[in-house]
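Encoded as structure tokens, the following chain is the form predicted alone, with no partner shown.
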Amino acid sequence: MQPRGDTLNATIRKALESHGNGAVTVLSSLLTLEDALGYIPPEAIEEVAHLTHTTVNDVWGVASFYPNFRFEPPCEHVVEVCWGPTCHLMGAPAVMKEVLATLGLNTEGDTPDKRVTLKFNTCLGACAQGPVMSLDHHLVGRLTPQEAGKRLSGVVGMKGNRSLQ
């Protein structure tokens, strides 16, 4: 469950205060919020502008420039499939195809029932284990397409269904 109202504002302030060590920039503040909340709520834009002594427009400019930032809460589960060079050469395209089929998606995004957010990632930092997938921030490497589908089915409780719909 995502925090709302005063709880959300307190969570935003706490995340930004804990980030105060070292250089504080608009980008580093947005990254901190994305890590803490899984997305950047509209309420956070003003807080970042205040913290970094800049304007709301400047903060939106940075936030909207980077495609990895989310502006809506992620789903219950987050799945990332690495498609970086090493994982690509080691079989990521077949893993990606199986994950898409298992989730009933055509590309990355959220499943219609909001149970799974799928993201393609350029590097999950485990090249020696490629192809790699992250399931709710737990890395799984040396995946075959079949193992990826099996692991994903277990995480989201699909029991072999090819679609969450």
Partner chain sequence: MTTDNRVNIVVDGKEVKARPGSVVLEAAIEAGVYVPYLCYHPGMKPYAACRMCMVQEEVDVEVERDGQKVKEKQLRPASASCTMPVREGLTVRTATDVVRDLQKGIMEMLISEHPHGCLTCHRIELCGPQDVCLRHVSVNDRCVFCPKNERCELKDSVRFLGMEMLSPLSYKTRGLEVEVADPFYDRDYNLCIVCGRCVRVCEEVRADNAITFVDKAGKALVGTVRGASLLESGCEFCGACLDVCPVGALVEREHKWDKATRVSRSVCPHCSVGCQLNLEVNRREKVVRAIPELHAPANHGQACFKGKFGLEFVNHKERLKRPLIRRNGQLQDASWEEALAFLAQQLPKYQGGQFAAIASARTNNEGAYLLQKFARAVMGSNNVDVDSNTRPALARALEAPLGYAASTNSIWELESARCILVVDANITEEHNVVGVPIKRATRRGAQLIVIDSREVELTRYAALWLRPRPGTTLILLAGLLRAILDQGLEDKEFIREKAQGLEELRVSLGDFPLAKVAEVTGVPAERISEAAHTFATAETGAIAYALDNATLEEQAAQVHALANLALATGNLGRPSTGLYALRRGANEQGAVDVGATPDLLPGYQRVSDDVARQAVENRWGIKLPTEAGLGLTQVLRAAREGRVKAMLLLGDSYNYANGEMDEGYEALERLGFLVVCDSFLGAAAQRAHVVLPAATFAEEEGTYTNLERRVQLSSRALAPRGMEARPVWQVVCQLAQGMDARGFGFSSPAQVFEEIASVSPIYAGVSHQRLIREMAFTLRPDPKNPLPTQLAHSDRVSRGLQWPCLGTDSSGMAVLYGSGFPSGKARLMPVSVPASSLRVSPAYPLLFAPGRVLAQHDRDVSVERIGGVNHIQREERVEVHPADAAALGLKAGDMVEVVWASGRIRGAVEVREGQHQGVVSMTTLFGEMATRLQASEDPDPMAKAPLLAVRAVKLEKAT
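Keep in mind the model is a prediction, meaning the values are calculated, not measured. Positions refer to the first chain, counted from 1.
A second form of this protein, the form predicted together with the partner chain, is not displayed here; the remarks below concern that form.
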Just to confirm, with a 4.5 Å cut-off on non-hydrogen atoms, which of M96, L103, I45, V132 contacts the partner chain in the model of the complex? I45
Picking from G61, G38, G125, P112, the single residue whose non-hydrogen atoms come within 4.5 angstroms of the partner chain in the model of the complex is G61
Please determine, with the chain shown alone, which of 134-142, 29-37, 115-123, 61-69 has non-hydrogen atoms within 4.5 Å of the partner chain in the model of the complex. 61-69
With the cut-off set at 4.5 Å between non-hydrogen atoms, does N57 touch the partner chain in the model of the complex? yes
